[in-house]
Every structure is written in structure tokens, then in C-alpha cells.
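Starting off, we have a lone chain in the form predicted on its own, written out as C-alpha cells.
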Amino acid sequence: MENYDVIIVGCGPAGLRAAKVLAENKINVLALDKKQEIGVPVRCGEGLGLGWFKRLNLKPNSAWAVQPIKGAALYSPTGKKVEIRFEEVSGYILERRMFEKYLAREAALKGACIKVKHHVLDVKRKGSKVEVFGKYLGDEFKYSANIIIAADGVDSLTARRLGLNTTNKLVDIDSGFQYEMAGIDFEDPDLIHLYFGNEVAPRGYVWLFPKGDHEANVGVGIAGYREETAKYYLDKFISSRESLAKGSIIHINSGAVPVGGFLDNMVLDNLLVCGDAAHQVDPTHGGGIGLSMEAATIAAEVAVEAIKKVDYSQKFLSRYNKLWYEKRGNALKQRLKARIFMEQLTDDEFDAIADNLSGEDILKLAGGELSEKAKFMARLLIKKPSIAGKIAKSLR
């Protein structure tokens, strides 16, 4: 049986980032993934803001950062457009498959061992270590490690097998469905386009993320407990727009997206959990690439300290909980309140917000300018007093 300091289960952005950080610190790390190819299937709109490039020290590469973005266009239920535009590039639409391969190469170059088509079937503690069992092309494998990092996505089983309940409530899960479409027409390929409304996407939105002048990811996220499927709402949206309906579908992806239910505790003895497996996704829009990589960095750094101190206890690994919540988790809890508020809005209230909001207003509000928030709320509450009660309810 091969022994490692750390075994990572799952080679998405979180797992690959953790592998790189560990390998840079001369930790003997193995990363396992059940898929036969890194980067597939894609379950993502593939957008990543420039801020994440800076925080994660990533340099955009045209091989995987395929479309520079300079802002966003938001559409209310009646079609009112609110545009946010920056002079400089504010993010990129990725080719996720190529991006994850890039992350895998970077980790491997630092010394991480990455193995695909390795399906982990069980993990068990034995003494001070954890043993990992599974199959590779019909053959059984068995490895052991001091620490396991569970980065195996929203349907993670690794953490649960080691005793940590990561099950999310249905109310905190969205259902996503996306087509990559070619031969379509749309305005402003340097903007992402977001369409809101309860008829368009209940508790969510339709997105169009350009990947060129006539190609884009067109998808939808809705509350996961709806009777109608996400595909139903996306097909309905596309068929209502001739510029999209004429296009060809060249890729389909779908999946569940955690949009809340943050775990107060993400560790046990010998275990750290990160990424979708730990519900580390922005609850307002479901984006998680940057968040999962940031969390994986923190988890890996705590694992490095644990290995140096030969302490793999839950008490020591709990540093990860503290560091993540201080850096990102507490802010995400506040954003969860915004999601709760938005999902209560009627289409009339969405339109009232759009009528009182400009792109410049959005930037000021996002920047936390209290005076601007007060002015906006005053205008809004005069026009739609019903919104006040929903704000109060979401804050509770």
C-alpha cells in the first residue's frame, strides 16, 4: 500500500489548487479523480472575475481565458436593461476544460501525483491514518494518508464516509442547465447578460456568457424544488428569442448548485472539506470557481502546518474553519440574505428596482457607500412600500 501525507479526492479547481499548494510546500500529495479526463464534464457558466485572478495569482492565458469581459447587462422582467461597464477588462469567460488541465499541469510540475479514472469507493480510519479504497479500470487500489481533503463536488461522499454530514437542505440547492451555443446573435460580446423574473427563472436568472461574437454559454439556474425543470425554463427562454433559437447546441451540461447551507464545521480528525463539497459557492449567483480555489488554498496551508506538527486532530484542523470564515465565509452569509430577499420579489418589484437603478448605482451600492444605499432605499420604498417588509424578513 502506498502512503502519502495528503490524499485529495476530486480534481476540480479546489482539488487541483490544494494539490499545487501542498506540492509547493514539499508535501507528498496524491490527487484522485473518478473521471477519465480532467475538466469534464463541465458544470459551470465558466465566468471568473478579474479580482479572483489577482487573489489567486493567475495570469490569463488565451488557451483557457477565451473571452475578456468588461461588465454586465442586467434585464428586468419587462426587459429594462441596466448596464454596468468598465473601461478595463473586469473578468474572463473560461474554457473550463482547458483551465482545469492547466491547473493539473501546474500541480504536477510542482510534484503532485494526479491519477484519473480512480473511483474512490470507501475511506476508513485506521489508527492515526486514513485508508482509501477504490477501483482503477477494474483493478482495486488502496492508499493511505495522514490527511484527506474532500473536494469531490456537490455530490461528495468522502466527508460523509469519514463522519462529517455535508448534506444540504433542498431549499439551499439550485438546479442548473446550460447549452453552449454557436451561430447565435447578441449585442455586446464584451458583457455578460443576466435576465431576471419569476417567469424567466424562479429564484434565479438566465445567463448568456459570450465566448466570441456568435458563441456563448446560455444557461439557467432555478430553485431546485420546482415542478418544472431548469431545461424547461431554458428552452422556453431560447425559443422566445429568434436570435438564439436559430443557433446550434454544441455542448450540454447540467447539475446541482449549492447556494447556501454553509457548514459551520468543515473538519474532523484527518479531514478537511472544500469547494462545492463544503457548499462554498456565492449564494447570489452560484459562482464558485474562485471561492473554491481560495478555500482550497487555506485548507492546504492548514494541512501543511498539521503535517509539520504531526497533529491531524479536529482541534488543530479547525484553524481552517476560523480562517475561511474570517476571510470569506462571514461575507457570504450576508450575501445569502440578499438571495433570500431577491427570491421573495414579484416581477413588479423587480421592475421597480430596475427603474430606480443605474449601472453607476450598482457600483456604488456594491462598494458599500452607505449614503447611496440610503438614497436608493428611500426612492425604492416610496415607489414600492411592499419591498420594505421583504427586506426586513430577509435580514431576520
Ligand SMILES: Cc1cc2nc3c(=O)[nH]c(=O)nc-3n(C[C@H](O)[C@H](O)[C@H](O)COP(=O)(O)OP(=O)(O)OC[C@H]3O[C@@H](n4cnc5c(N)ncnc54)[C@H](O)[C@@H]3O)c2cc1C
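Worth saying up front: this structure is predicted, and the values here are computed from it rather than measured. Heads up: residue numbers just count along the shown sequence, starting at 1.
Just so it is clear, the following notes concern the form predicted together with the ligand, a form of the same protein that is not shown.
Engineer: Using a 4.5 Å heavy atom cut-off, which residue among 288, 210, 91, 283 comes into contact with the ligand in the predicted complex?
Structural biologist: Filtering the options by heavy-atom distance leaves 288.
Engineer: Although the partner isn't part of this model, could you tell me whether residue 47 comes within 4.5 Å of the ligand in the predicted complex, counting any heavy atom of the residue?
Structural biologist: Answer yes; at least one heavy atom of residue 47 falls within 4.5 Å of the ligand in the predicted complex.
Engineer: Can you check whether residue 274 is within 4.5 Å of the ligand in the predicted complex, heavy atom basis?
Structural biologist: The answer is yes: residue 274 has a heavy atom within 4.5 Å of the ligand.
Engineer: Using the partner position in the predicted complex, report whether residue 11 sits within 4.5 Å of the ligand, counting heavy atoms only.
Structural biologist: Because a heavy atom of residue 11 falls inside 4.5 Å of the ligand in the predicted complex, the answer is yes.
Engineer: May I ask you to check whether residue 120 falls inside a 4.5 Å heavy atom distance of the ligand in the predicted complex?
Structural biologist: Although the ligand is absent here, residue 120 would touch it in the predicted complex, with heavy atoms inside 4.5 Å.
Engineer: Please name which of the stretches 260-268, 163-171, 150-158, 301-309 has residues with heavy atoms lying within 4.5 Å of the ligand in the predicted complex.
Structural biologist: Correct option: 150-158.
Engineer: Which residues in 32-46 have a heavy atom within 4.5 Å of the ligand in the predicted complex?
Structural biologist: Read in sequence order, the residues that approach the ligand (within 4.5 Å, in the predicted complex) are 32, 33, 34, 35, 43, 44, 45, 46.
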